[in-house]
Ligand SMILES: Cc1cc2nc3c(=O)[nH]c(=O)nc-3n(C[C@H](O)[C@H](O)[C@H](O)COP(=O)(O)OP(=O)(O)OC[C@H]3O[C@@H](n4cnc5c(N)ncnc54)[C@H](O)[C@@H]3O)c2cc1C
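Just the one chain here, the form predicted alone, laid out as structure tokens.
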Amino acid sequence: MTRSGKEYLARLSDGRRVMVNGEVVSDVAAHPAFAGAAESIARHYDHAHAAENRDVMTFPSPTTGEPVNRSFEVPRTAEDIATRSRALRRSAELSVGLLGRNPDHVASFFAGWAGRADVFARGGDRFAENIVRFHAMLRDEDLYAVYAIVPPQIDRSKPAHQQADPHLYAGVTREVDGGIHVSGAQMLATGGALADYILLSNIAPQRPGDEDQAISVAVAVGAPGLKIYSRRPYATAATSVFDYPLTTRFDETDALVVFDDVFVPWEQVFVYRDREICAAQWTETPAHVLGNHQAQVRLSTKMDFAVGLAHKIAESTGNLAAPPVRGALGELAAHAGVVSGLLAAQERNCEIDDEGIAWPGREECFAVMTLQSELYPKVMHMLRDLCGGGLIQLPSAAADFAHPEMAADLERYIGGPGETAVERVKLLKLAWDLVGSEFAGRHHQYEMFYVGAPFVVRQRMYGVYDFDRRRELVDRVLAGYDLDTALPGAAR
């Protein structure tokens, strides 16, 4: 059954330990660094929980028949992919695409893993049973999972087992009757302070000798020994919601996770000391494609927001009729259209595998991943260009409008035809929080490296693209002429 936002917030009081600004935080829902994002996640739950949204946002649980979040559905048809996409977009629109790791994201990975549990069964039937059972538990209790799947940047020239301490990178240290113990650190647990569970695994293939790190396990955020080291939160530096409307509500924070001899019960272990299966979970199941399909719906929503904001600013400043401005807006719209068009193609060109599971079109999915690091920065640059100097001459804070002399001057020199100074400043401060604030800088970096190093993504695109079919076109043309082929129309 879907849970309410109130139920989500109540569960955050589970004894978790979040380290930030020299403080150990246990009640993240009440802390200024996390409260805004926690409330935004709560709105996500309330939206899906509302009866009027159930047709799109939920589907009947195969176990209980109760409505559960659509992101957990294992898709089996093209229509399933399309319906899922509509649900994901509705969810993304609640944060205009700025919550990169909302509850839909890793839920999509678990749907892909549960749909192809046979991959996990290579390590033993119990691991396949574990992934199916854990997915069902997340789905039916409507829980929020994030992941930490990249080792920390300690010494990337050496694999885990050659580090000064072979357990700097998170991995198994010992087995006990009821499970395993994990120690070490992993990044990048975006949203970890706000989630119910963290999936610990590795997305990069492990080298021989790194079997201790070749795992996939789920750990409750409140588990003893688990510590979340948050980056500096931007929300605590915001002067008001008016001045920082995005920072104050959508700063989900990124984190390093430290596992200090954390116990993980066998029921929450899906891959155990197996390098082949640890790699296969990303490539031989639809998890990676389903998760990135969700991320691209979010990216598309974010691009649409940027385009809408640019159009509204051009209208506000009286430049909308100018041909160069309309041309720039048209180019912005084209960039957003590339992402939305490739998402539609993923639905149309979905693949049904041998187990009857639907995968969004992989060529189109990896095409967006390849272009993402270029498209988003370009859109932000164009938005900056359209805003001009207005972004850097804004009043210092909302408090300026409470001072009679300041308010009078601002109204005279900033307000426009049919628009008050407050309305103009509100719009431009929204733009600044998207392109120029510290929160904006983090999003710029996030979108550039969300899918990993660009050269790795391009290699993956190479791997899924059907070059043979395209080469056939070349071979067909080559086969149509030779050294002695006569010119068209020549006498025969």
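This is a predicted model, so every value here is computed, not measured. A residue's number is simply how far along the shown sequence it sits, counting from 1.
Not on display, but discussed next: the form predicted in complex with the named molecule.
The closest heavy atom approach of Q153 to the named molecule in the predicted complex falls within 4.5 Å.
At the 4.5 Å threshold, heavy atoms of Y446 reach the named molecule in the predicted complex. The named molecule is not shown here, and in the predicted complex it never comes within 4.5 Å of any heavy atom of Y144. Residue contact with the named molecule in the predicted complex: T190 places a heavy atom within 4.5 Å of it. The single contact residue among A128, I149, V269, L329, judged by any heavy atom lying within 4.5 Å of the named molecule in the predicted complex, is I149. Only one of R101, H293, K302, R139 comes within 4.5 Å of the named molecule in the predicted complex through a heavy atom, and that residue is R101. Residue heavy atoms within 4.5 Å of the named molecule in the predicted complex occur in exactly one stretch of 180 to 188, 359 to 367, 384 to 392, 113 to 121, and that stretch is 180 to 188. Along 236 to 272, one residue reaches a heavy atom to within 4.5 Å of the named molecule in the predicted complex: D254.
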